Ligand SMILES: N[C@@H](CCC(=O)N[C@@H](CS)C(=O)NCC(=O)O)C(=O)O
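The chain below stands alone and is given as structure tokens, in the form predicted on its own.
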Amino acid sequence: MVLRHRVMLTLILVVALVVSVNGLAFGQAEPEGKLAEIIARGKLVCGIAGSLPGFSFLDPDTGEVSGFDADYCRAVTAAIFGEVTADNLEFVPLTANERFTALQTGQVDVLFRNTTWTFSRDTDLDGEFGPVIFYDGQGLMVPADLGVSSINDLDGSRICTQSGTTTELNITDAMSELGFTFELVPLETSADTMTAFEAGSCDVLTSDKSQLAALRGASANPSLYTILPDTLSKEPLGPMWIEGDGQFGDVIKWTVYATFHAEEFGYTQGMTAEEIAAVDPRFAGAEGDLGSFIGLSNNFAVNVITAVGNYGEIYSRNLDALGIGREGSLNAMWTNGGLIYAPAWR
């Protein structure tokens, strides 16, 4: 028994010596894999839609990218580099057909491109998802003067949809189940679908309801179009990266959770690190070593909030003006009946 205890003590001392020599405490991690690649490159390359108002929209005149998804690209950049500059973040606009190839070939590091989490994308495409940043559902938009009130009135219609998306499959299933005849008009981008819809090339435009609201809100006369009450699917939208890189996945996940946590506890973009640390030192990185567990600075969460604000601020800044309401939706905080919920910050 004494010998066994001596052997165990010797093993503990050897491990402690190895940890000391490497300058790391248990749980601490040096950047590796995709995170190390991004740091060495000096910038995050983020795949976005680039043509969807409210989510990611490239202004051709200024070259500036705005939107809900774009702000989450900025959040990850701030988590990694401490701030967002003109040099450490590159946006890559991608069509729905291009996005997964761009991710798989390394053209982009992560997708924040209103991408639905599905079984096949999570498995067959070797993707990794989560957390969901926007809970959506597929809807239908029609001209207000068409005189229809639901999908049940759409037999024989022409339907514009974006190719390479779940919307093609969902609308086909829904119309087939009703026994309706219909014509799909597949187009490359959401902007293309709206252009064709406004030109009368189709009777119906189908997409995520948030996209329909964004496209209608950005049109010259939103009153001309009606979004029907039907919801055809569940569309949980969130970041996607290549599976097999747990550290980079943790960076993405805990960056998103930082925005959830900050809203729940009232930390805003206008607060200083010292103000947040005074009430939540662990979140602010003033206490503990949580950031170092995933290869980041311990104050990464505060850097995220300084750069883009909390979830509510991101939502309000980008989506409220387009009429994409949050109250009473799944995108409300869990304390208000929604599904926006962060694990404990400890």
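Don't overthink the numbering: it's just position in the shown sequence, from 1. Source: prediction; values computed, not measured.
Note that the form predicted together with the ligand isn't included here; everything after this is about it.
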item	value
4.5 angstroms heavy atom contact with the ligand in the predicted complex for E188	yes
S51, heavy atom within 4.5 angstroms of the ligand in the predicted complex	yes
Interface membership of I242, the ligand in the predicted complex, 4.5 Å heavy atom rule	no
4.5 angstroms heavy atom contact with the ligand in the predicted complex for T166	yes
Residue among Q247, T226, S157, T95 with a heavy atom within 4.5 Å of the ligand in the predicted complex	T95
Contacting member of L237, V84, M271, I171, with respect to the ligand in the predicted complex [4.5 Å, heavy atom]	L237
Per-stretch contact check against the ligand in the predicted complex, the hit in 315-323, 43-51, 298-306, 278-286 (non-hydrogen atom, 4.5 angstroms)	43-51
Heavy atom within 4.5 Å of the ligand in the predicted complex - qualifying residues of 117-132	R121
